[in-house]
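There is one chain below, alone, in structure tokens, taken in the form predicted on its own.
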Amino acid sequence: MIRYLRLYAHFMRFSISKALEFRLDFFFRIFMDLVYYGIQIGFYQAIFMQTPLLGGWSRDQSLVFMGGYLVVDAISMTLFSNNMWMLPVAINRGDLDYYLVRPVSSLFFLSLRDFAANSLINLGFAVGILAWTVLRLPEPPHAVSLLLFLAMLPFGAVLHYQMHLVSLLPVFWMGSGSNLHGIFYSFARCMERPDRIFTGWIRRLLVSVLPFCLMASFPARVFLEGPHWPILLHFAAVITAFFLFIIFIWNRGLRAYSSASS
């Protein structure tokens, strides 16, 4: 474990120094995310000009949910997204060879080697927006619910990464991964909506099989409605199941992988 932490510290230092070499791009990426945050706040303000409730939540409660998914998105962008964009390229070009021969987990290396320094700054803005939404609540939050909420959001980002990775793993058996990114981001928009606006089999699909609605909705429900063991257990079970599924498919993919030297 200590070796992996030291390795990740090297990833961070290298990524930050690389990002600062192109400062215009660095600050432009920050600006783009701030525009995205502004659009999300404006969207929810517009929604509540037409209705008093969204998925059973008031304006202030829905803004807490919004702040939660902004934090989930920012963590995912900081830690994982750049790496996921490059994963299909590494597999198709045979660059995966360089990671398979290293004395660490190839999946760890490929998932975390590129740390997005600009998104780390935007994570600070997202946390600030979340704090603003929590302080807007008419009643102070319960300490246990708040702690569970803050603990579940990083796991929501892990689930976001898991779903992105699952959408890319078919590249081992396909010629290109470009369309896979599009499919993932189309479904990922569901994370930006409360799970209760969906009903029937669609909701069951989005909280279990394609669990995009778990990433921010379930943490927000624990915070706003109090801890419920079925929600917590379901959240933990889905993350664990996808972790085991990824390990299985990754190992199968490595067997099918044609290296650059083959």
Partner chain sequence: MIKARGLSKTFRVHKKEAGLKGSLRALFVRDWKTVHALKGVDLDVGAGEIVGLVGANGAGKTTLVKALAGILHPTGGTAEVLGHVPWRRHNEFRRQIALIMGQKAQLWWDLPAGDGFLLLREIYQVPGDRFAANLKTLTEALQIGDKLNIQIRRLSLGERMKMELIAALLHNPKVLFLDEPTIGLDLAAQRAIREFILDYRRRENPAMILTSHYMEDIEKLCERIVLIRDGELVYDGGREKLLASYALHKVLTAHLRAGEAPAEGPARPQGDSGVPGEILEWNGTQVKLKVPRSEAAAAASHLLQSYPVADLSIEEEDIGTVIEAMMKRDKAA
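Residue numbers count along the first chain shown, from 1. Computed from a predicted structure; not experimentally measured.
Below: the form predicted together with its partner chain, not depicted.
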Q: Select, from the options 207-215, 228-236, 26-34, 59-67, the stretch whose residues sit within 4.5 angstroms of its partner chain in the predicted complex by heavy atom distance.
A: 26-34
(Q) Is it the case that Ile247, even though its partner is missing from this view, gets within 4.5 Å of its partner chain in the predicted complex, heavy atoms only? (A) no
(Q) Please tell me whether any heavy atom belonging to Ser17 falls inside 4.5 Å of a heavy atom of its partner chain, as the geometry stands in the predicted complex. (A) yes
